[in-house]
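Below, in structure tokens: the form predicted alone, a single chain.
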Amino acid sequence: MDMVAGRSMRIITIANQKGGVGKTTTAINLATALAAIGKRTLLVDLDPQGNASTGLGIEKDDREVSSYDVLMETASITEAAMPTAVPNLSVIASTLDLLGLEMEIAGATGRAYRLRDALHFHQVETPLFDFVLVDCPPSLNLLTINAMAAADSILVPLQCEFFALEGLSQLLQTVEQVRDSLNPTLDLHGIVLTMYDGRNNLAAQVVRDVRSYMGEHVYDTIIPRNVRVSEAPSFGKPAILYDMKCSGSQAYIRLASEIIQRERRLVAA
């Protein structure tokens, strides 16, 4: 763990190449929960769709400096970070400009390290954050590779559905490739099971299968299907602000606590 003047900054990339698994919902609400317990948190939106930015109430017209500018090396982390309605939580918003980034820097040396370099420079100069969460697009492209190359660890949201383990196997292979070629210290922080419906026998079987396959890498906390969590982004709010008492919000608060406990064990080790 990097230390600067007694402070640490942990970078966790939230990734899954499959869409619709609750990745952005997890990024928004986990970031909010960490901020709510006093952790200075930055959410970096690397998805061109910009749903994490929208879900935190950042209008498209207000995204004058974005994650695209950071990856193009025309803006620093400090210049791009915007405050949100959540105390302790800032966001670097996404724009559609990210769609063309891969072609724009295709021939550039060190193109996979753009985000890492920006975050490490920020950490040396002004370490304002305890946690940086990176929300990735639902594909294994250069944006996701940048996020993995920059990260201390990967958090994988996994929907409780039939093909969950198949998709997980593909992602873990990519993590291994990134570890071998770009980021030898990259760890799997954990797998969070999402969209769980206790009335569905298949969902319960998926939980058993994933826990059997991945063991202690699977968080104890399971995120349930929840209407209030689904509604919250349309109001530009994290579910924890929209309805803190709903089952989904409470699950993300528990997940944040579990992540802090894992971090403490890592430090102690």
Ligand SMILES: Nc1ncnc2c1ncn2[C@@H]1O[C@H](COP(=O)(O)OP(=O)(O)O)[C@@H](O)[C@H]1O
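All residue numbers refer to positions in the sequence shown, first residue = 1. Model, not experiment: these values are computed from the prediction.
As for the form predicted in complex with this ligand, it is not shown, yet the points below apply to it.
For the options 237, 225, 211, 39, the residue carrying a heavy atom within 4.5 angstroms of this ligand in the model of the complex is 225. Although the partner is absent from the chain shown here, none of 32, 250 and 256 has a heavy atom within 4.5 Å of this ligand in the model of the complex. Residue heavy atoms within 4.5 Å of this ligand in the model of the complex occur in exactly one stretch of 213 to 221, 228 to 236, 200 to 208, 57 to 65, and that stretch is 228 to 236.
Within this chain, residue 195 lines the site of this ligand in the model of the complex, having a heavy atom no more than 4.5 Å away. Interface membership of residue 11, defined by any non-hydrogen atom within 4.5 Å of this ligand in the model of the complex, is ruled out.
Residues from 196 to 218 do not approach this ligand in the model of the complex: none has a non-hydrogen atom within 4.5 Å of it.
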